[in-house]
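As structure tokens, one chain now follows by itself in the form predicted alone.
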């Protein structure tokens, strides 16, 4: 394990900050193993759901790349949950030998379902459970199939209940991007017993298609990309202030290479989940990203852990900035300044 990239999330010490997020590339055992072989510190295996409607939605899933951004509607794993957890738990036991992990994930349909499936993950012997309360598809899925939580009080109660079900597993909570209240949600998750919070989920969007003149994919769908990274970084920085520097945060949405992992780290993320890159570039994208992060810190004589939160802790307000009269003139067309 190289000390340059070592990072800690809750009770796990990881060899690097790059985690393969949950999605179709890791919906099979071979995909999970491929992500680990590519160098990922861990894998959030494809999410499950206690409601059969979540799995059926996979048959209606569709995908499109818009530049480097993924636009898609998705579904959940159709595997029997106990069988899936047993399979990934076996891979997790092997991964643990070199400090890596495979996590169970749920995009929940009800609080009772989240508790039940958390108990299944614990019984399977898995070490990490990610509770995704921020799936963007909730507003479009069949009623009751997926729930998205944006209320801090309800979130705290949910996390407390899931915490009781998963016992001493690592409990990570993934938050929505469809809320301006992320710092409060992070505080609530921490108060409920979460070991880490990941932010933030993608946004729902409509893309009119200039070829068909209709909506691309025929529906609203989840949309993210490099444009979202500065927004995520802002909420990471604000949430770091809210929960304290000692509580580990994770970032996701908009990561396309090592520079983006580093930016999220500077904003306060101790690790980063990335998945769209894998769908666009293959698992080798994980290898490339890890190499870029390592080259950056090695060149500067730093470690990744030393970078975490630096930009967040240096963030100041508008009122604290020095006055620069006339600065605006450098950013307007010449005609704006012509006297008539």
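Keep in mind the model is a prediction, meaning the values are calculated, not measured. Numbering follows the first chain given and starts at 1.
Missing here is the form predicted in complex with a small molecule; even so, the following discussion is about that form.
> Is residue 274 close enough to the small molecule in the predicted complex to count, meaning some heavy atom within 4.5 Å?
Taking the distances in the predicted complex, the answer for residue 274 is yes, it comes within 4.5 Å of the small molecule.
> If you check in the predicted complex, is residue 21 within 4.5 Å of the small molecule, heavy atoms only?
Residue 21: contacts the small molecule in the predicted complex.
> Is residue 297 near the small molecule? Define near as a heavy atom within 4.5 Å, in the predicted complex.
Output for residue 297 is no: heavy atoms all beyond 4.5 Å of the small molecule.
> Taking the small molecule as it sits in the predicted complex, is residue 255 in contact with it (heavy atom to heavy atom, 4.5 Å or less)?
Answer yes; at least one heavy atom of residue 255 falls within 4.5 Å of the small molecule in the predicted complex.
> Of 85-93, 177-185, 151-159, 67-75, which is the one stretch near the small molecule in the predicted complex, taking non-hydrogen atoms within 4.5 angstroms as near?
Correct option: 67-75.
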